[in-house]
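Take a look at this single chain, the form predicted alone, given in structure tokens.
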Amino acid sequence: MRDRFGREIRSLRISITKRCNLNCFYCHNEGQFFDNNRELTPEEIEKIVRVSTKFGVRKIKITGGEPLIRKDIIKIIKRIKNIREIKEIALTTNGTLLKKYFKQLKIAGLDRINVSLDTLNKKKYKMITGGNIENVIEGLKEASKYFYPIKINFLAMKINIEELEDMLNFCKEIGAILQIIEFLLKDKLIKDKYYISLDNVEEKIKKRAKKISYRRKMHNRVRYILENDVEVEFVRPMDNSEFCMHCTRLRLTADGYLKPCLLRNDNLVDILTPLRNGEDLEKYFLECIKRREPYFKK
């Protein structure tokens, strides 16, 4: 299935909860107010994923909030894994509960893990998230024995960019890929205080790379292999037409709305209400795909 701009539909990003056990100051909460009565059940998630495969979805990414907060997270992954068309299930987590769940997640059928980690400094981590970094580090070291490679999502900011070398060394230690993410926030006061351009950062990484290649068609993303074999990628959605041109992803919010675009909240499609009313869901996916359009244009 392709949208009006010729972009294939290959993946579905599912926010399974808005709840989180951290309080990161930059969190955008996936875009909208949350009604607890609309949190999707494992059975509802499975039904929506099954329908999505009719439109080309083959990869699932599970997010939150913090997805590991849900006590039925293993059940959710098992249900998705049983859908034969789905070839990959990934999960993005803050890592605080990873030590508790990593073995169960592997057994349930999870293929990949992304962990958000903006600093290795205990005090700074507390300031950014309100949490305890020791739980995250322990969980990462244990999980890296079962999932390879883990991806570390490092949100580049003025307050942590000087730690980049430490983060590269940590990725080398656990065999992780480092994703350096551009700070994306519409709040001008916060953006002005923390935003840093990745131009100079990427140029420095490029000069250190022993190998440069294109890893993924989506976003046309470049990967840099450094002298110590650490792999680095940059995620730059800000004012980036490439980010939109190669987008193959639909999103499902925790309260049951199909989201055509990461950067918009004014074109959502309610799929939970028709699901609970016993309606055919295919026309709602068609409407979502119809509403897809590039947010940034050349």
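What you see is a predicted model; the values in this text were computed from it and never measured. From 1 onward, residues are counted along the sequence shown.
One more form of this protein should be noted, the form predicted together with ligand SAM, which is absent from this view; the next part is about it.
Residue heavy atoms within 4.5 Å of ligand SAM in the predicted bound form occur in exactly one stretch of 39-47, 263-271, 225-233, 62-70, and that stretch is 62-70. When contacts are judged by a 4.5 Å heavy atom cut-off, C27 counts as touching ligand SAM in the predicted bound form. Contact between N153 and ligand SAM in the predicted bound form is found at the 4.5 Å heavy atom cutoff.
Among heavy atoms of L184, some come within 4.5 Å of ligand SAM in the predicted bound form. Ligand SAM is not shown here, but in the predicted bound form it comes within 4.5 Å of a heavy atom of R13.
Residues of 78-109 placing a heavy atom within 4.5 Å of ligand SAM in the predicted bound form, in sequence order: T92, T93, N94.
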